[in-house]
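For reference, the chain that follows is the form predicted alone, supplied as structure tokens.
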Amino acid sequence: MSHLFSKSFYSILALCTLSLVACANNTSEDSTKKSETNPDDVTLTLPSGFKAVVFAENLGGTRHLTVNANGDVYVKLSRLKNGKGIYRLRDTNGDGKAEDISGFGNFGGTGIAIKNGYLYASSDEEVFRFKLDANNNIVNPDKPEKVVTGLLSRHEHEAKAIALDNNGNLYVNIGAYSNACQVDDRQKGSPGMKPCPILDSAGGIWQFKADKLNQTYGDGTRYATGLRNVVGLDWNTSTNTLFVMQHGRDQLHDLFPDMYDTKQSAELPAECMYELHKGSNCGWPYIYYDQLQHKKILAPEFGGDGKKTGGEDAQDPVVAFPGHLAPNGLLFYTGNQFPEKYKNGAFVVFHGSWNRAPEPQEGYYVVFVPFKDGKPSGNWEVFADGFSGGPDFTASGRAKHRPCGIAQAPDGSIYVSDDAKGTIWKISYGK
């Protein structure tokens, strides 16, 4: 576990009273920051040399996004806006802002990606693809091909985030429709079901063929299991493996007040980054990862007491972040615009917490994890902050903007989406 938080970091954490942002600044290799104000209601804070502009705004629930080879940005909306669930954003004059905006697709959802001449996009039950022509335009926006149909959606962790590898495979998150697989979900003291029946059809990553139409569960393979819910995922081309960010379980104190106090419940369990391989098991619901003890802990629903370890057959995370930050976006940076330290490192977008009370809410920022030789090589640091509107908005959970998706442009800049007001920022270096 050499790539997880060090004890020295938690010494810093114990002294910080305002937020985890201050802690991350204490561990950052580059603590010199500058602020960019955009849009008018927030001030983004970035490392020195970076700047942000608002690429588009007021688009609605902008979830994940992807960038085409010609620079066009495609963004998936959680719900339809003017009858459309996907918007193409084009900068026609090179000023870093979208002037040409058009919509298509009659379904809401989260996932979107471009691969081998197709734009892939997901609803909460299906994955579609749209053919791109030689000029990078959608051939038939009103008639997408259906790649996967009938995916499980029970209105909890229903977002179908997607990723594609370089061997013709499509990966889809099937979130667990449960917090911890209790007999009575989210009920105080209710025991866990063992074996957990949810894992047969959810709580993991499913693999499908990217070029085969009308697939269902039976045509796919359960690629990884024991993952409560994944929204941020990315195929790491330097390791040729899938990395995911898991949303950790909730309500340790509410459900087991004799074992956990409110502070423990706010801080635990970790939000974990995993590197997956076929057959990976990350341990949900039987265990959770405690980033303070640096251990896999047996869940209280299954006989744990906050100290007993478990999950001997479950893999360890490669990075463990503080609890309840809601990681919704993941990107491994392969561009050349940013300084060398960012090359092949991971950007993680934290949507922000709702359930850390009575402790302050936290998150609403983008962090960076340095990687070397395919492994984390240092402490994570806050890269872009200020989306919430300030410390008071963060602490209360009344964030003005909640970052969600992230994508890299051909020129090496990155885009970050916000699903509270539908703002998209373009972040670049040295321009």
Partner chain sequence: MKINRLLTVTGSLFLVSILMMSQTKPAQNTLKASIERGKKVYADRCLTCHQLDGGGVQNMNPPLTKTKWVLGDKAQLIQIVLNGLNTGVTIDDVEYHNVMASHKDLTDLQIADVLTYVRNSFGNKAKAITEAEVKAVRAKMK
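Values in this document were obtained by computation on a predicted structure and should not be read as measured data. Numbering follows the first chain given and starts at 1.
The same protein also exists as the form predicted together with the partner chain; that form is not shown, yet it is the one meant from here on.
For the candidate spot formed by R79, D185 and P358, every residue has a non-hydrogen atom within 4.5 angstroms of the partner chain in the predicted bound form.
By the criterion of a heavy atom within 4.5 Å, Q251 is counted among the residues contacting the partner chain in the predicted bound form.
Mapping the unseen interface onto this chain, N70 falls outside it, with no heavy atom inside 4.5 Å of the partner chain in the predicted bound form. At the 4.5 Å threshold, heavy atoms of E158 reach the partner chain in the predicted bound form. Under a 4.5 angstroms non-hydrogen atom cutoff, the partner chain in the predicted bound form has S396 among its neighbouring residues.
Of the candidate stretches 135 to 143, 90 to 98, 349 to 357, 301 to 309, only 349 to 357 has residues with heavy atoms within 4.5 Å of the partner chain in the predicted bound form.
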